[in-house]
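Take a look at this one chain, the form predicted on its own, written out in structure tokens.
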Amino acid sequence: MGRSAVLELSGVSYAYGSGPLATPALRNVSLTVNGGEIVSLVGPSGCGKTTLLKIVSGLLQPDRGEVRVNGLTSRGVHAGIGCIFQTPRLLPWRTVLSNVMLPLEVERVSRPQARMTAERALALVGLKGTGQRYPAELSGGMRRRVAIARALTSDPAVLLMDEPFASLDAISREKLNLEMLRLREATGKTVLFVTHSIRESVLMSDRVLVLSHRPAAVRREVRVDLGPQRDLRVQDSTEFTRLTAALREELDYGEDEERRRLDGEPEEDGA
């Protein structure tokens, strides 16, 4: 029996500004993320990936189309959406524990309950016992784990991750990729993940959606059948190489298509 859809976008379009000066960002985007899936978005820089996440989170409202979370139309900021950004955005004067507790304080959860929830979230991301340290005392990778723990405290239906590991060194990045896979197995969380890294998208995802140049539309879906139990050795497999090559070819084709459009050349006919 298939998993049910947790996040659905139907015909979502968005433009910055209005009238003749409007800049289209998204064009008729439709996608589905099922419960417990990690789905990655890849595409050219500036194509609209972050705009799409802002619409899913409710920070922006689509000009057309609909966003549904657990079958219900989402309007405005949705409590069931957790966001993790490229920079952790931790408050340097607060301890790790109090940073993780912050969303619960805003929701006026009792302090004992908030503390227990925050400590549980820190344990889930492998940071048990670090609650009294300050962000400046942590490595970059640890700070990102704190940001993930903070997002988990509200038990969101969907985690939105906007290139959260982009600024890390390769070793730290791979460790956090595997940590997210372990976390998904432990919690069953649904994740929509934006990345510029083809290898990262294949390592982490059940599916990868390739977006076109702005205004973004879904060009292709690539299914990643590498099994739920992955480690770094999967990157040496023939299937991993095939998948990364297919995504790279799709992105290269998109670059050629955009170049022809800008140069005024006719596009090639294709299937």
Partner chain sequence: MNTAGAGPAAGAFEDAEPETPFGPQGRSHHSWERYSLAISLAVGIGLWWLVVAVTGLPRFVLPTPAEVVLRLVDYLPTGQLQTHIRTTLVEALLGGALGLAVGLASGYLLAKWDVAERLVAPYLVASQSVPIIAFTPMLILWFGPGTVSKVLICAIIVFFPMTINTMVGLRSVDAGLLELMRTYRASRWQILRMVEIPSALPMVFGGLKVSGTLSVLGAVVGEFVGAKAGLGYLVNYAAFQLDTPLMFVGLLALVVLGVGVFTLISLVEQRTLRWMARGRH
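As the structure is a prediction and not an experimental result, all values here were calculated from the model. Positions refer to the first chain, counted from 1.
Heads up, the form predicted together with its partner chain isn't pictured, but that's what we're talking about next.
Heavy atoms within 4.5 Å of its partner chain in the predicted complex are found in one stretch of 187 to 195, 163 to 171, 117 to 125, 87 to 95, which is 87 to 95. In the predicted complex, none of the heavy atoms of residue 141 sits within 4.5 Å of a heavy atom of its partner chain. Interface residue remark: residue 175 is not counted as part of the site for its partner chain in the predicted complex, having no heavy atom within 4.5 Å.
Looking at residue 72, you'd find every heavy atom of it more than 4.5 angstroms from its partner chain in the predicted complex. Using a 4.5 Å cutoff between non-hydrogen atoms, residue 58 counts as a contact of its partner chain in the predicted complex. Shown here without its partner chain, the chain has 58, 59, 77, 78, 79 in 55 to 80 lying with a heavy atom within 4.5 Å of that partner in the predicted complex.
Whereas the shown form places them at one spacing, the Cα atoms of residue 184 and residue 133 lie at least 3 Å farther apart in the predicted complex. Compared with the form shown here, the Cα atoms of residue 149 and residue 169 move at least 3 Å closer together in the predicted complex.
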